[in-house]
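Here we start with a single chain on its own, the form predicted on its own, put down as C-alpha cells.
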C-alpha cells in the first residue's frame, strides 16, 4: 500500500487557516484584518497623493520620506503579527491523553455516583509562589503557566494575551512584541498624518483663505484631486487616534507590570486575595526588557514537517466500523424468535410450553424394513393373575 506524505499543518486541529505551504498562519475570521489593511493603505495613499507634494515643496522633502519609512514599518509589524504562530501548543496524542486520564483517576480515586469530580489542576511553584495549572478538556493537556484556550481559534496559546480581530490572529508569547510595535508605530503614523494634514490646511488658508482652500486645494496639480480627500483623512485620523493611542498606552502599562490582558481582565494578581505577580521583576526597566527584548521563541508546532497519510487505511477502518455498526443495529432491530428446545423425553417437570404438540411433531412414516409389532400377552403381574383366577371359577 502506497502512503502519501503530507505537511503537518494540513492535519492540525483547531480553527486556523494556513497558506504559502504552512508558512502563514492566521485565524479563519479575517474580515476585520482586511478592513485594517484597507484603512492604513488607503489613508496613507491619500496623504502621499495630496499632502506630500505641497509639504515637500514648501516645508521639507524629508516629510514624505519619513512618512514612507513609518508606513512600511507599520505594514511589516502588522504582517509579522498576523502571519506568525502566536505560540499555539500541540494537543496531546491519544496515548498521552489516555495516560493523563489514568493519572488523574489514580490521584482522585473513585468518585461516588452523583458527586461532582474534583477540579483537574496541578500546583507548581514559581518564584516562591504557588501557581495552578488548569486542565484543558479540548487539548487534553495541563496548560503551562499563563497559557489559555482561545475559543475563536480553538487552540491553547502560551502566554495568551487576547485574540485581536484587527490583526486576524491571537496575540501570545511569540508575537506580542510585534503587536506592541505595530500599535506604537501606528499611533505615531496616525499622529504624523493628522498633524501634517492640519498644517497643510493651515498653510493653504494663510495664502488663499480657509473657504478658498477647501475649494482649490491642489487644483493646479491635477484636475482629479479633490479637497474632500483631505477632510476625509482628517476625520479618519481623528477617530482612529483615540483608540490606537489609548490601546498603546494600555499595553505600555501592562508591559511595565509584566502582565497580560487576560490576567488583567480576570484580576489574577489583584482583588481580594492580593496575590503578587510572580512574573514581575518589581522593576519597570527589567519588565520591559523581558517582554520586548527577550529571546525569540521557536514554534513548537512544526507546521511544515512531514507525516504519513494513509487514506486507504482510514477508508478501510471507516468501512469496517460502518459494517460493524450496521450489523449491530440489525441485531438490535431483529430480535431472536427461537423457542427453547424440548427435552427428548418430556416428564412431569417439563413446562407446558416446552412440550411438543401433536401438530408440531411430524408423523413418522414406518420404514419398509420395519414390521408391525406382534400382539404378545401382557406380562404377568399379581393383579392379572387374580383376575384370571376369578374368571376361571366363574
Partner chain sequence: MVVKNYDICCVYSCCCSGSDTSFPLIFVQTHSLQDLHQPTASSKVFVQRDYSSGTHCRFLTKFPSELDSRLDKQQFEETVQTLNNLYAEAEKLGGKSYLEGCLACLTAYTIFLCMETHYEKVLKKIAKYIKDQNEKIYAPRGLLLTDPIERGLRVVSFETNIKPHLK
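Numbering follows the first chain given and starts at 1. Keep in mind that this is a model prediction, so the values were computed, not measured.
Another form, the form predicted in complex with the partner chain, is not on view; read the next lines as being about it.
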Note to self: Which residue, 243, 270, 127, 205, is the contact with the partner chain in the predicted complex, using a 4.5 Å heavy atom cutoff?
What the structure shows: 127
Margin query: Can you pick out, from 251, 80, 303, 162, the residue that has a heavy atom within 4.5 Å of the partner chain in the predicted complex?
Written below: 80
Check: Does any heavy atom of residue 296 come within 4.5 Å of a heavy atom of the partner chain in the predicted complex?
Finding: yes
Next item on the list: Determine whether any heavy atom of residue 103 comes within 4.5 Å of a heavy atom of the partner chain in the predicted complex, and answer yes or no.
Entry: yes
Notebook entry, point to check: Within a 4.5 Å heavy atom cut-off, is residue 177 in contact with the partner chain in the predicted complex?
Noted result: yes
Notebook entry, point to check: Is there any non-hydrogen atom of residue 145 lying within 4.5 Å of the partner chain in the predicted complex?
Noted result: yes
Next item on the list: Have a look at 178 to 186, 234 to 242, 194 to 202, 163 to 171 and name the one stretch with heavy atoms inside 4.5 Å of the partner chain in the predicted complex.
Entry: 178 to 186
Check: Relative to the partner chain in the predicted complex, which residues of 276 to 290 have a heavy atom no more than 4.5 Å away?
Finding: 279, 281, 289, 290
